[in-house]
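Here we start with a single chain on its own, the form predicted on its own, put down as structure tokens.
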């Protein structure tokens, strides 16, 4: 008679599809939430851990070590003070390791513009999918996902975004020439724009190119002791071309030029320890951090938040199960006449109990299957979502 009980339960569930779907859906959500949370935390850890472990040390201005790590490794815009190039030059002069500068202040319609040197591509093992690396001022290389999303490639152009819209005296957007597209790496590099440090300094207004002032009589206001003062009619260049390349020049001491941070690659383990000790002094304006340590601290905080969330979700699950039991109890009470009729037709009390049990099992099983499917979808898309979040 269990087959008959299962048949009766199935017919009732099919007849009341909306009620069944609502109950199964509610159970699926409360069951899937802790599972999906765990999947997302694991995906975040996997996406961030490899990059943190692969970066020995990072040099930057003294302040939040976590913000420095997020800025240097994942190109997240953080309110960090800038570091002068002289600090990077001083580290190089020790001979204890290489220093790869990073200037991540600017962006191009939401994509981070990273000013760096050629050593960065070797350090991150980035390969070209098409084109070539930067060859002169004003060139840039795009990450694979960014190039695909915007339909750009070698020979196209990309404008930097003006940081201060209402600053009439500010720096205008720079039209950069795209020389290459990087191969897919599955890291934040896929969503970034890479340029030479000098190109980023050009965006910052530390360099400029303009018409030849000395040869234009109408543009000269004053000329004395080899100095030429021009009026506002001088045309400033906002794109670097082969024709105007020689007109671009930098002002001031390069040692005072700013960078966001620098990736430090020590010569050996001993050099790494010596560098770490060298920058422990609190009176220094810069600090040297180990990204792996900051990552472990971040994940410790994240796991604490996860555990708190799991407790809240467990309470929610308990409440949902209690409500489900109440719904079934009320449903069975309202259907008493139906069950009495089945009893009059010869269905035994044991079979009626099996019928009720099968109804609960079908709804609960449907909710569990839906929860597993939802978790599988989240697991399938987790890496992509985390990469987008970190980009």
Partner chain sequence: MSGIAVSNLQFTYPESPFRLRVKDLRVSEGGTLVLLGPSGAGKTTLLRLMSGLLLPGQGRVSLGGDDLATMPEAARRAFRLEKVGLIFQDFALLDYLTVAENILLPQTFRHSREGRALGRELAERLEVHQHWDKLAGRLSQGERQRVAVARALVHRPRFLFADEPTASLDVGRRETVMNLLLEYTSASGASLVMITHDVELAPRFSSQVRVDEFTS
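Every value quoted in this text rests on a predicted model; they were computed, and no experiment measured them. Residue numbers count along the first chain shown, from 1.
The form predicted together with its partner chain exists for this protein as well; it is not shown, and the discussion that follows is about that form.
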query: Contact label in the predicted complex: residue 386 to its partner chain, heavy atom within 4.5 Å; finding: no
query: is_contact(residue 50, its partner chain) in the predicted complex, heavy atom dist at most 4.5 Å; finding: no
query: Contact flag, residue 365 vs its partner chain in the predicted complex, heavy atom cut 4.5 Å; finding: no
query: Residue contact check: residue 67 to its partner chain in the predicted complex, 4.5 Å heavy atom; finding: no
query: Within 4.5 Å of its partner chain in the predicted complex, all of 117, 254 and 259 (non-hydrogen atom); finding: no
query: Its partner chain in the predicted complex: contacting segment from 25 to 33, 42 to 50, 334 to 342, 57 to 65, heavy atom within 4.5 Å; finding: 334 to 342
